[in-house]
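First comes one chain, alone, set out as structure tokens in the form predicted on its own.
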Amino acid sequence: MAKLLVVDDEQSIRESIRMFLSEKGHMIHTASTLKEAITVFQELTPEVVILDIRLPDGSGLAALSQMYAFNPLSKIIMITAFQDMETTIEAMKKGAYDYIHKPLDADELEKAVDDAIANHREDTKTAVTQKCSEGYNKSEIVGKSRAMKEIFKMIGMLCQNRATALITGETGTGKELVARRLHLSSPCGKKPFVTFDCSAIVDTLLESELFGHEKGAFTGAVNSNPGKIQLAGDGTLFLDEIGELPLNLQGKLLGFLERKQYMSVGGKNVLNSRCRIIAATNKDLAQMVREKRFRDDLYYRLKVVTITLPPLRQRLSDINHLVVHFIQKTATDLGIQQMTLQDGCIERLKCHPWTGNVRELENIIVSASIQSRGSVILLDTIEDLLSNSRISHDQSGNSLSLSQVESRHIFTTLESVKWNKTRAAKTLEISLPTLRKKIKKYHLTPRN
């Protein structure tokens, strides 16, 4: 049960909302003017306020500001019959928890109120202990699992020399981050770190981008330009997606690795470089060698020192540490308050397949931090974001979106309990409003 304040100048709306939410077990108070609303709010400090934008004696936005200043933990849901973009933006800027248009939809209102109450309770728990972000180490590789400890050992050994290194791993495992850490920990850590994505540039320009070109070397070459090798100087050149490098350039790269000499496109002089090469790939280079798509001599030259990054699903124990890191990073980078997680979020995150690995986890945390309208990221928010990001496969191997999979799962569960929504929600481990929302979203109806 929660204390709610409903503010609207129309008696029929106040009464309808009061009756609807009273049936849910909440204690409802009402007000019809701005002045009355402020008085009641300061006396009761309700968890949630449902506040009309237009009141007889002033704007609901003014009441929003005063209420929020008096008690920033209260969640204020604005309602209006006028769909005005500017007003909506202004209300959210001033701290409104949600913004709902009239005529009010019962499910939408109930969902907003339930979420607001949950957020208020979590905020209240953490209000005393909540701390501002103390920043984070951008070059930190987060992890305490055995697999990551082995990675740290390897970095520690490799940073003492300038040996060429190959970093392998699935997309999103943090290959560039490892390369940067390896560079920063080495004696050349203050020298340039230059990234070259072999998959991002058309084949005709790759050689010029890598080795540089002289004026007039080809049509459009009106000036001489240094290549990435020259820009790296005595530092590190990180060759990302090395598996995408064309065969003709693979030979030239091999020559550079062996002699530390190269020639720019159109150049006549041999150039020298001491830059360290760190390459990365998410492809199976050994298989590419067998298929004659990657030079075996370059492959063996690169793989002498190899760091293989584990996918996130193989180091789930690191999720807790990664989440804390990404929350701090998001707060610092975006200038927002540092969030905390509702109980159950970490356990839910550990159940996700993480096909996008650490990068996907970071995206989830950033999105959750932005979307959360309190100081706590709710489990429902995490659930919705994970549902939108995951791709599953049916038994035939055809790609199914999680929406299709989820729809089938919810329908099967509802059928098994004869469409008892309360029992279905408990079985699915989601709230009743969330279940109603999904039934509406997927247009689910009982079988005839």
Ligand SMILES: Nc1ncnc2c1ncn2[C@@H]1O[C@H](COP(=O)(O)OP(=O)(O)OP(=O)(O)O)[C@@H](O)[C@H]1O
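One rule holds for the numbers: they count along the sequence shown, beginning at 1. The shown structure was predicted, so the numbers you read here are calculated from the model rather than taken from an experiment.
Beyond the structure shown, there is the form predicted in complex with the ligand, which is absent from this document and is the topic of what follows.
A.B. asks: Look at the stretches 139 to 147, 69 to 77, 335 to 343, 209 to 217 and give the one with heavy atoms within 4.5 Å of the ligand in the predicted bound form.
C.D. replies: Contact criterion met by 139 to 147 only.
A.B. asks: Residue 316 near the ligand in the predicted bound form, any heavy atom under 4.5 Å?
C.D. replies: No, residue 316 is distant from the partner.
A.B. asks: Does at least one non-hydrogen atom of residue 225 fall within 4.5 angstroms of the ligand in the predicted bound form?
C.D. replies: Answer no; every heavy atom of residue 225 is more than 4.5 Å from the ligand in the predicted bound form.
A.B. asks: Is residue 172 close enough to touch the ligand in the predicted bound form, meaning at least one heavy atom pair within 4.5 Å?
C.D. replies: Yes, residue 172 sits close enough to the ligand in the predicted bound form that at least one of its heavy atoms falls within 4.5 Å.
A.B. asks: Find out whether any non-hydrogen atom of residue 162 is located within 4.5 angstroms of the ligand in the predicted bound form, and reply yes or no.
C.D. replies: Contact check for residue 162: no, nothing within 4.5 Å of the ligand in the predicted bound form.
A.B. asks: Looking at 177, 184, 366, 307 here, can you tell me which has any non-hydrogen atom within 4.5 angstroms of the ligand in the predicted bound form?
C.D. replies: The residue from 177, 184, 366, 307 that makes the contact is 177.
A.B. asks: Within 4.5 Å, heavy atoms only, which of 108, 362, 244, 90 is in contact with the ligand in the predicted bound form?
C.D. replies: Partner contact (heavy atom, 4.5 Å) among the options: 362.
A.B. asks: So which bits of 316 to 339 sit within 4.5 Å of the ligand in the predicted bound form, heavy atoms only?
C.D. replies: In sequence order, 322, 325, 326 come within 4.5 Å of the partner.
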